[in-house]
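Just the one chain here, the form predicted on its own, laid out as structure tokens.
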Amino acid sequence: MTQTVAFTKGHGTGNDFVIVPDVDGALHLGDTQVAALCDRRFGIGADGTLRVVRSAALPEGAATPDAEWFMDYRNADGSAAEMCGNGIRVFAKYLVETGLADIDAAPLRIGTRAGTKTVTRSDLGFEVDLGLFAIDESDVVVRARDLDVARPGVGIDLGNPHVVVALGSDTELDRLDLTVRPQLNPEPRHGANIEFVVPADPLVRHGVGAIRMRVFERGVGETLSCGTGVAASALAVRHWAGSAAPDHWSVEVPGGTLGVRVIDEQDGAHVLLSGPATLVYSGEIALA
């Protein structure tokens, strides 16, 4: 049997998604169906899917009762992920454009597997408070194709796991072959997104730090952008730079430029990510 699924295609700095409206949680998409939607040759093509569902309509939503809407994010291989920084901006854009939410009346609270996230408008489009973060300085060695020697990485936890590696030049960054997944030693229990960063020279201008980044996303491969990876990269370089490092960062990825800032809240330091969100087209597709 086949079912017809309505969808909208969207992206944030080239990190693209198939948005599937399912407000009452009646639709079941298996891993194979998600992978079929995301297939760039035989499907719509995307780095993942965003199912738009009310928090009250699915079990995971019990953990986010303060959010009407839940972002059920799945990677291109069908696996569920905790959070997606680009995806949540695209998700917010969809809610606003379809009239499901009014972000101008109040900040928009969205449920995710990493908890409730708050989204507001910003000069770059939308800004999401990714919340608290944790830095793990345990030794992780990263090997990648066309990287001459293995490099140390630092772990950054943003509700989903990241390992960030510093490189010495734009040449090193550009020649990396990320068609093959980099190797981590030790391998994190649940895997990790792996970011490679190059600081600008000078690192800071007018109080804003600047870096370039490429990423291999867990369950996807190399993408043009990764929102939480952008935030993790800025946090790692900020950590390496020490106490004099700025709280505002500009991060260039293959798909564009995003902003990161760190602010102090009552429960600790939060990291916020800002950038554009675009809806490309809508349609229907038949799925087996």
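Note that the structure is predicted; figures quoted are calculated from it, not measured. Throughout, we count residues from 1 along the sequence that is shown.
The same protein also exists as the form predicted in complex with another copy of the chain; that form is not shown, yet it is the one meant from here on.
Trainee: Honest question, do 133, 138 and 195 all end up within 4.5 Å of another copy of the chain in the predicted complex by heavy atom distance?
Mentor: Result no, not one residue of the spot touches another copy of the chain.
Trainee: Tell me, out of 224, 27, 262, 56, which residue has a non-hydrogen atom within 4.5 angstroms of another copy of the chain in the predicted complex.
Mentor: Checking each option against another copy of the chain in the predicted complex, the one that comes within 4.5 Å is 224.
Trainee: Can you say which of 56-64, 226-234, 34-42, 244-252 gets within 4.5 Å of another copy of the chain in the predicted complex, counting heavy atoms only?
Mentor: Among the listed stretches, the partner-contacting one is 34-42.
Trainee: Using heavy atoms and a 4.5 Å limit, would one call residue 269 a contact residue for another copy of the chain in the predicted complex?
Mentor: Heavy-atom contact with another copy of the chain at 4.5 Å: absent for residue 269.
Trainee: Find out whether any non-hydrogen atom of residue 205 is located within 4.5 angstroms of another copy of the chain in the predicted complex, and reply yes or no.
Mentor: No - in the predicted complex, heavy atoms of residue 205 and another copy of the chain never come within 4.5 Å of each other.
Trainee: Spell out, yes or no, whether the shortest heavy atom distance between residue 145 and another copy of the chain in the predicted complex is within 4.5 Å.
Mentor: Taking the distances in the predicted complex, the answer for residue 145 is yes, it comes within 4.5 Å of another copy of the chain.
Trainee: With a 4.5 Å heavy atom cut-off, would you call residue 14 a contact of another copy of the chain in the predicted complex?
Mentor: Result yes; residue 14 sits at the interface with another copy of the chain in the predicted complex.
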